[in-house]
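What follows is a single chain, given as structure tokens, in the form predicted on its own.
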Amino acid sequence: MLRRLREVMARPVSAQARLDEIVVLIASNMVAEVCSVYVLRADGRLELYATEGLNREAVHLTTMRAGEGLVGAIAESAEPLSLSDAQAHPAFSYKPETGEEIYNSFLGVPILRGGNTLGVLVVQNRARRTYSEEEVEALQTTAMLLAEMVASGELQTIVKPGADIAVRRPIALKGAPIAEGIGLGHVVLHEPRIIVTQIVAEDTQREIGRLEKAIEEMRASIDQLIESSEHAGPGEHRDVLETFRMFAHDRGWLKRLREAASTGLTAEAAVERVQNDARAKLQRQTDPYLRERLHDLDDLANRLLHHLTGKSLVAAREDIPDNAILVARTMGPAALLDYERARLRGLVLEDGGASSHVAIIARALGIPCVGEVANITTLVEQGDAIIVDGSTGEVQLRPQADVESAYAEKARLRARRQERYRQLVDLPAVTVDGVEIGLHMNAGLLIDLPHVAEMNADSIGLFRTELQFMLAANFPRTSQQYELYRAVLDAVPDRPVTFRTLDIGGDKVLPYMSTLDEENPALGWRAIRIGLDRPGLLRSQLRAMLRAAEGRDIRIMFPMVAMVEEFDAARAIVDRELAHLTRHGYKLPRGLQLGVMIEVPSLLWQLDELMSRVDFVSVGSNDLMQYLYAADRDNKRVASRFDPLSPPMLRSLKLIADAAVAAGKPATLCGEIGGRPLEALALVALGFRGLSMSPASIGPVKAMIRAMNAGQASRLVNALLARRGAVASLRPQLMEFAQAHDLPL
């Protein structure tokens, strides 16, 4: 039957004629009096597309909802249903136009692709009979052929107006906005899924042999991955990989693969068949652990298919179009940098939020990015048209012409806005009442540095040194660090640079360093705590910075300081390194300033002591907000629960601004909120005179600052904060103020 079906699939006939031949062939080979194909439409209804045995006049007329009748029940559950007396089943739904009332036994299987239901394939008989397991298997295998036919778009030629089939339908998805901008382009799958086109085996034993060989190769590659120096040593990452290896040796999974191949499928089709069944079951589980296992099985199946086909897990450069939108389940920061920036128009992630490492890289590259888009990797096909809106978190897959036109216009408007911002580049960020605000840039890679002059930023207000460590295969030597810091200073010779010492730990794990098993890593051994406990690490970094700055000005900032004594200890290490450089005849920096990043709330009650010791302070608002509210910023359930424009947060920020003014010390804010115009309005009102942000945020914030009156804003915010009462946020009042004064937000 499979060979004859393959011949029908290759015949140059219309889609309807091909379907009609297929149902006749299946009915004949299954010794069934009825064979019908139902296809899921974009509106969620199942439409009868072909039948042998039922009334053919009902084709394209009979429809039912998912969940309605036996066919609808199969579509909803994504599992086969075999009945000897169909009409006695409580889900049976009578459709008089089909004439199916004379048939009793019923066997239906879902038409699945990527675990998603595309339709239902049914056979029926008058006699009350029980279908064998072999017959169920045969029908499921046949359904795979139909899934490829549906997914190929061939059936679009027989679709009625307004009744598009589900697999090619436009889909609007919502995720978490990560990096601003709008990207229109075509899907490029990172670690692309193999599309199985050859379903039927020519030689079953040969296919089983290919499968066994690929399984051994996959196991060996996983063993090599685990034992490689990059992943050696204990830690959570090792446990994850060991679990992954356990799945690769799972006897039940391997048994199902071998059984599928023995039914006459190619090795690739056997893998796809087993994964379709697993995905259909696990997608409907509510247990997070079971759903996470789905990702493991998906990854294993994908790796096995790549071993079978000999294809790379990463898209080849020549396969990347000029308007590529990368789609990935997850991605490391180094992987994104492997792609040619000029061709990238956007990035969509199934996992990964705004504070993930790849998100930082995407923002640095200026790539529109949306994360946490459920199931995106199974919904897309390579080359699908797609739109990414990094400002709202919206993703439009296979958009209709009017939607595409609307987003294209939105992109043009954004480009015109950007052009207006470019016209402000050489103008100072001064409020209408003469208050000058320093606008600085956050950076972490050499590719960021051209933006400093391009946006006319006053300085690099935060250079994240940990990105060099995260992207390296081994711990960077002092000489390598020196070369990077020297290159940064050379790239912006006329502007100050503030280097933040290594901020690792928590969510920032270096693959070559053994990690502690901490229940609360965000509150654990990280940043300055690691530096002071491992002074050799901090000394090598400080030595590289001080040497790179010979004869020039440099600012060094210590993160995660919780007590002034920690700053004293760090300053002592700096003094020791200065003495070392002097002793060995190195030229010292012309000007050296040491500061602290205020992100731990305990410093709010040590501000006087702190200000007497430091040369400057910078506020890390992301972590300060996290610790102030005990709300993990990587936890979707609580991350957006509290507003940074809430009175407690703003009062904390005001304490810092006031203490800095009283001590005559510069205070800058370098967290995410500094780059949002409305939040920047509040920060200027609180007394901050320096804000550090991503390059893309400088234009919008400068436009708002040049239109605002700092005195008016300050009086409003101070009056609101002086009030007592349960107010969750000052956002509504600030929005009202901005609208009343025509401030561009």
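Counting begins at 1, following the sequence as shown. Values in this document were obtained by computation on a predicted structure and should not be read as measured data.
What follows is about the form predicted in complex with a small molecule, which we do not show.
Might R398 be said to contact the small molecule in the predicted bound form, defining contact as any heavy atom within 4.5 Å?
R398: no contact with the small molecule in the predicted bound form.
L462 versus the small molecule, in the predicted bound form: is there a non-hydrogen atom within 4.5 Å?
Looking in the predicted bound form, residue contacts with the small molecule include L462, since a heavy atom lies within 4.5 Å.
Contact between A179 and the small molecule in the predicted bound form at 4.5 Å, heavy atoms?
A179: no, not in contact with the small molecule in the predicted bound form.
Does the small molecule come within 4.5 Å of any heavy atom of R273 in the predicted bound form?
R273 lies outside the contact set for the small molecule.
Which is the contacting stretch out of 609-617, 496-504, 432-440, 99-107, given heavy atoms within 4.5 Å of the small molecule in the predicted bound form?
Going by heavy atoms within 4.5 Å, the stretch is 496-504.
Of these, R414, R343, R529, R633, which has a heavy atom no more than 4.5 Å from the small molecule in the predicted bound form?
After the contact test, the surviving option is R633.
Just give me the single entry in E268, D458, D623, D389 that has a non-hydrogen atom within 4.5 angstroms of the small molecule in the predicted bound form.
Contact check passes for D623.
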